[in-house]
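Only one chain is included here, represented as structure tokens and corresponding to the form predicted on its own.
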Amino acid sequence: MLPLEGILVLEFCQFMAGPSAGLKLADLGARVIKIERPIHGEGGRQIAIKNLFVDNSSLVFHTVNRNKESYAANLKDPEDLENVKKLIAQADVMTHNFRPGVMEKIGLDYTTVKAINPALIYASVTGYGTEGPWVKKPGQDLLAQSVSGLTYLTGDRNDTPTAMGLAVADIYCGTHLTQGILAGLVRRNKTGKGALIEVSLLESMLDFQFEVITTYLNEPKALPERTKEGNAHAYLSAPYGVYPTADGHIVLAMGSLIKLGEVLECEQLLQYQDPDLWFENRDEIMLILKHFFASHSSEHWIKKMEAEDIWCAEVLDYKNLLEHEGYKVLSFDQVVTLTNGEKVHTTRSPIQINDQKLFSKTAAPRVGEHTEQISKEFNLM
């Protein structure tokens, strides 16, 4: 039995942040019902990566909404809204990621919903919180990355601001939403009371950077400066970084530069005996290593350094990663079968419980696929 079996979640969410939290809850055993507008469904059904669509919805939608049900309702229609309120009265959790003020207009704000179901965990995602000059700004991943300062940490010194190559704000915020919901459920189990859980893309991005923001706040307020080449962390000393080899790239984490010089038999590194110099002179140290590593393959260097417990790794692309035994042993991918019979390859939950990996092979639903069934089950008709 999965930990959240018996927990009913109503998901009034679209795109990525909110639905990714619903996916995590579903993987842990919760029953997640998406409340979607009739015919077109939630907006994320039409947001595609590489313009990939399956069964009339984007592949991204199928990725983040597997193992859920769909109930179609027009929240502007009084009858549909009343039925939704009947569902809310029987639910454990309700999530939404509408802009501030939207749920108030609909009549599903926390104050109203709390009167319907005092034990409900009401969880919302916004872009930038519920007050301030950015309240009406679109809560979109790239925008949140950019205003948070994150884009000045990625890339090398002379690069323009560089965003991370995935929806990190959405995914990280979805994880925070999940944490808040689980905390609310634990509290309810102790007190019988529900809770209002609020997260935002911006605050998740600030938390994502708590290490470097704390450094900036405490040690004179100089902006983080990326290394000239091979940057991997604006505040860490050499040899921390990315280096080209004869056939690819490798990375080095923190460690003794002197030991590294001895293992590699690189005499130039041994001149930096004072650890303070490893940060002050990191550009020149990293340039030395760049030229040094170019003489042999990644495999050559990794084998040599791992034998001496130096923290290093090869930089892999998806093809090399998915073909590597280190990935295969995880059994991390799974196949879900869609309503129309098509199959989608995707990933499983990263959580294991009692040595059991969590696979959920139920595909994402079509719009309103479960409306009639849910209406009968919860006496909404």
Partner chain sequence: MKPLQDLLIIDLSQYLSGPCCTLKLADLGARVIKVEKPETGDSCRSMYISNVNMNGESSIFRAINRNKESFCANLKNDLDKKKVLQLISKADVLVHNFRPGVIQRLGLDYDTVKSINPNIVYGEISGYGTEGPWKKKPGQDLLIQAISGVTTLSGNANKGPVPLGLAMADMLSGGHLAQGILAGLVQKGKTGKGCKVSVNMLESMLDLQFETVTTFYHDGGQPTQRTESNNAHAYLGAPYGIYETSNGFLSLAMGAIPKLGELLDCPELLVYQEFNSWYDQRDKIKQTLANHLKTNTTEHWLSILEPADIWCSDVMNWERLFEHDGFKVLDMLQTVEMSDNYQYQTTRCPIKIDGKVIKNKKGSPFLGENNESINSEFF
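Residue numbers count along the first chain shown, from 1. Keep in mind it's a predicted model, so treat the numbers as computed, not measured.
Note that the form predicted together with its partner chain isn't included here; everything after this is about it.
119, 270, 246, 163: which sits within 4.5 Å of its partner chain in the model of the complex by any heavy atom?
-> For this set of options, the contacting one is 163.
The single option of 104, 198, 284, 80 touching its partner chain in the model of the complex, heavy atom within 4.5 Å = Exactly one listed residue reaches within 4.5 Å, namely 198.
Of the listed stretches (69-77, 292-300, 257-265, 211-219), which one has a non-hydrogen atom within 4.5 Å of its partner chain in the model of the complex?
-> That would be stretch 211-219.
Does its partner chain come within 4.5 Å of a heavy atom in each of 56, 115 and 378 in the model of the complex?
-> No: none of 56, 115 and 378 comes within 4.5 Å of its partner chain in the model of the complex.
Although its partner chain is absent from this view, report whether residue 13 comes within 4.5 Å of it in the model of the complex, heavy atoms only.
-> Contact check for residue 13: no, nothing within 4.5 Å of its partner chain in the model of the complex.
Look up in the model of the complex whether residue 307 has a non-hydrogen atom within 4.5 angstroms of its partner chain, and give yes or no.
-> Heavy-atom contact with its partner chain at 4.5 Å: absent for residue 307.
Answer with yes or no whether residue 2 is in contact with its partner chain in the model of the complex, where contact means some heavy atom within 4.5 Å.
-> Yes - in the model of the complex, heavy atoms of residue 2 and its partner chain come within 4.5 Å of each other.
4.5 Å heavy atom contact, residue 85 to its partner chain in the model of the complex | It does not: once its partner chain is placed as it appears in the model of the complex, residue 85 has no heavy atom within 4.5 Å of it.
Which of the residues spanning 139-169 lie within 4.5 Å of its partner chain in the model of the complex, based on heavy atoms?
-> Contacts from 139-169: 140, 141, 142, 143, 146, 147, 148, 149, 150, 151, 152, 153, 154, 155, 156, 159, 160, 161, 162, 163, 164, 165, 166, 167, 168.
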